[in-house]
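What follows is a single chain, given as structure tokens, in the form predicted on its own.
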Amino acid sequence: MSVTASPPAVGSFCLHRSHRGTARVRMAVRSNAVSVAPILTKLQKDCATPLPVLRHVADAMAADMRGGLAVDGGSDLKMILSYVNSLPSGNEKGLFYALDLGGTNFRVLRVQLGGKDERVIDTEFEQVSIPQELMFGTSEELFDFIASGLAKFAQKEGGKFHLPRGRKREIGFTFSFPVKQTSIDSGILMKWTKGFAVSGTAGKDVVACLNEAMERQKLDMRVSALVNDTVGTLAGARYWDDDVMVAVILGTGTNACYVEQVDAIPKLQGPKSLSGRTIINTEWGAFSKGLPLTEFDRDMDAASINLGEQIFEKTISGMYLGEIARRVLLKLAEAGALFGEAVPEKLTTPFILRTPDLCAMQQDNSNDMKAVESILYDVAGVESNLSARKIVIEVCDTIVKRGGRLAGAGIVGILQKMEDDAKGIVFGKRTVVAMDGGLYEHYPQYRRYLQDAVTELLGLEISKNVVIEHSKDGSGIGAALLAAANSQYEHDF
């Protein structure tokens, strides 16, 4: 999981920043314990997620889902129609590609499908880092860079991968930003999130942007399915397990989607899907009701490029947990002399501390916490004694515990809404929630806190039926499967 630096608002750190090369020195000398304890206690109190708070969040999530399904703009949740009306059946055959753009990397993948008997014959993928300047550049620059990487990957095709003569390559495009989808293979970008601020794309069809870039690269390929990463994860997991009903991404950003009955979507106009079901992309990162927030969350939001937006995402996702912790540690250093009299210059740099750093520190179970010491020094230029390291871990745990438990409450909100609409369809049988994303995959404490919240909210008996399952790289293969399911050559299957 990689975490992207979001530029702070001008002047937002002016009270804390020292002149380069000049150590910040506290004027008053007092006991660390006296200064640090009240700040830490208040943080823990403000981040607390007891059962009533979790229940309120779950209920508010379900209510916002209904509001967003009733009418566009009916709640914080966009509840976007995916136009995925039939999930992969297992009968799909042929060579298909997938492109996954959803964070600080993009991934290209190819898969050879062999139908019911052979299923997935082979897969290959490559990951490419997106230069930071392209995240703030033009639409054409970004899509040309992506199409170039895709063209290079396609040139290496060989081995078990075979495209029948006369066929054009087809690709499933996982685009993990809010899109107003207009069909299975077209969608208008509503806005960039996750630290992206690319000009010239908002209001445009992102499939057209990619198709045009592929043409400029002389790449003979067409997009046959545009999918959100959560929708792709659901499709990829459902290919192997018919009980998958929900998919959640917890990585740099976060989102969730689920299988909905078309009769429960008042805003759905026109012909309804033959299956009677579709996948709804909730865009739950925008949820904001009843969340326990701190001064550090509010300050980080004020300094962000999307002030007042994506509050749930800013509370639970990998892009932000490290930055919240950095802000807490900076206050502890300044007001509580946590790291001695001087405030380390690097600690004043926004997003210098990343969520993977928190995770690595929390895995240090040694008595002297040397791993914590080295991470603090290497990343933030912080020299620490053992008592300071223990406080750092408390800060990390407090923020990660809140994030994991709130994510769990969000999942229960979705399940509760589904259950309320069709009694027994969710809680009366095995129901699988497919999880993907580096935060969920790599952070064991976060995973545990999420599962604890689900169990507390549902109770031991019902929670036994709800299986939260890691679906690694599900969105990539899911997009390829949806490209196959929507292939222009589908009559050949």
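For every residue, the number given is its place in the sequence shown, counted from 1. These figures come from a predicted structure and were not determined experimentally.
Only in words, not in the display: the form predicted in complex with a small molecule, which the text now covers.
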item	value
F351, heavy atom within 4.5 angstroms of the small molecule in the predicted complex	no
A225, heavy atom within 4.5 angstroms of the small molecule in the predicted complex	no
Contact of K194 with the small molecule in the predicted complex (heavy atom, 4.5 Å)	yes
Close approach of P344 to the small molecule in the predicted complex, 4.5 Å, heavy atom	no
Selected contact from A235, V84, I249, L321, since only one has a non-hydrogen atom within 4.5 angstroms of the small molecule in the predicted complex	I249
Interface residue in the predicted complex among G340, P178, P292, P356, criterion: non-hydrogen atom within 4.5 angstroms of the small molecule	P178
Partner-facing stretch of 267-275, 150-158, 186-194, 115-123, counted where any non-hydrogen atom is within 4.5 angstroms of the small molecule in the predicted complex	186-194
